[in-house]
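Just one chain follows, in the form predicted alone, and it is written as structure tokens.
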Amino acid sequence: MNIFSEPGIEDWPGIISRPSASNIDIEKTVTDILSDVRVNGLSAVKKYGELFDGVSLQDYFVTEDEFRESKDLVSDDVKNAIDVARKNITLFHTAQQESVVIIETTRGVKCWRKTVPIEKVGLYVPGGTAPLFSTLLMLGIPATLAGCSNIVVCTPCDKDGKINPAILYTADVLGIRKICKIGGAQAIAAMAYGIEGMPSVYKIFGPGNRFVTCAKQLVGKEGVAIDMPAGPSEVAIYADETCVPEFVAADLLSQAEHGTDSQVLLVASNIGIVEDIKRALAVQLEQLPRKGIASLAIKNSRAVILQNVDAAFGLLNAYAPEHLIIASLKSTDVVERVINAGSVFLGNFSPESAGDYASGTNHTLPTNGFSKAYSGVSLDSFVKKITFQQLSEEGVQNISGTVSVMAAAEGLDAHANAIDIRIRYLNNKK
């Protein structure tokens, strides 16, 4: 690990900078894929499936037989785990539902806001070396709770045309039936523009590789909403003398095994903690099947020693991590210092993996510093908030003077007239 001891605030930008990952080198390829799918639909999707994945299919949609088969291919342990996670995620997201509250802002003027589901949403679920059925839980549960009437899932299949059975089982449990065996940029294009048998959607969710991320950004410019800007997954950990070094090492590695470009930042209150964590890392790393991936991510990680707690959290807020773990017995005392983070894990017994799978919070979170302005996926991500107002005769009279004066001051006489004409009508009624 690269270690920085008591750096001054002027050195923070270099320490917390992410590796630049420009999409310029792949943008033309992705643009061509998007254009091809927009014009040629499913035939273009088939072409790219054969070209990039070596997959040639007649039917790209999961059949009822495949749903039934998946039940027998998933172990009871995994089924039970999915059920526990589903219940916890459902409970947490159900609590985010809002009731309609009518506010009378002026006598006779009533205003309210109503939550309305986004009708058509597309969920992208990675299915390569790590088939993320947990992501389907995180996206599918709030989508169904929100009442989205048309939910489409795209996920890549293997060379035999099979989707990981845990993904299919999860979709079946959630009641999601439109599953397309499409991956990569062509999947984003299919959801954005529609293909034979699948309509275009209004908003696209889900993580993916650089091609998927680039495709989401490009269709976003065309008016198809996306969940949030995405980048490599990341964790920052604050560890003081009350942490358990072996736990911190395990948390760092659980993030590092995502990919070689995963981001890992450790902020510790003294050098002894860093050395203890480094020793634990060396031991645990040797035991990981994904050692090669994790070791490269750890090699590029950074440890910062800041004895002052305010300085430590100042740096962490500047970094604005996707995940923030506060490995300390004093976590509840310092948590109010957190301003920028996607999801926070408090204390020595709150590993990031709990949030990734089953605590109930959503694991689809802003990366690359975007937690300064973006929230993670929630029930709100799948709905729109439409405002309403209703003015009675008394209400329009009470507010007429304010509206007329403001409209006239802006030089918008037609706006003023829309009020004045009603006042004249009401005066003539008397």
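Counting begins at 1, following the sequence as shown. It should be emphasised that the depicted structure is a prediction, and the values quoted were computed from it without experimental measurement.
Not on display, but discussed next: the form predicted together with a further copy of the same chain.
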query	finding
In the predicted bound form, residue 67 touching a further copy of the same chain (heavy atom, 4.5 Å)	no
4.5 Å heavy atom contact, residue 57 and a further copy of the same chain in the predicted bound form	no
a further copy of the same chain contact at residue 343 in the predicted bound form, heavy atom, 4.5 Å	yes
4.5 Å heavy atom contact, residue 158 and a further copy of the same chain in the predicted bound form	no
In the predicted bound form, the residue from 296, 111, 282, 73 that sits within 4.5 Å of a further copy of the same chain by heavy atoms	111
Among the candidates 29, 63, 40, 390, the residue which, in the predicted bound form, approaches a further copy of the same chain to within 4.5 Å (heavy atoms)	390
Output flag, 210, 271 and 305 jointly within 4.5 Å of a further copy of the same chain in the predicted bound form, heavy atom basis	no
Segment assignment from 245-253, 297-305, 191-199, 177-185: heavy atom within 4.5 Å of a further copy of the same chain in the predicted bound form	245-253
Heavy atom contacts to a further copy of the same chain in the predicted bound form at 4.5 Å, residues of 310-336 in sequence order	331, 332, 335, 336
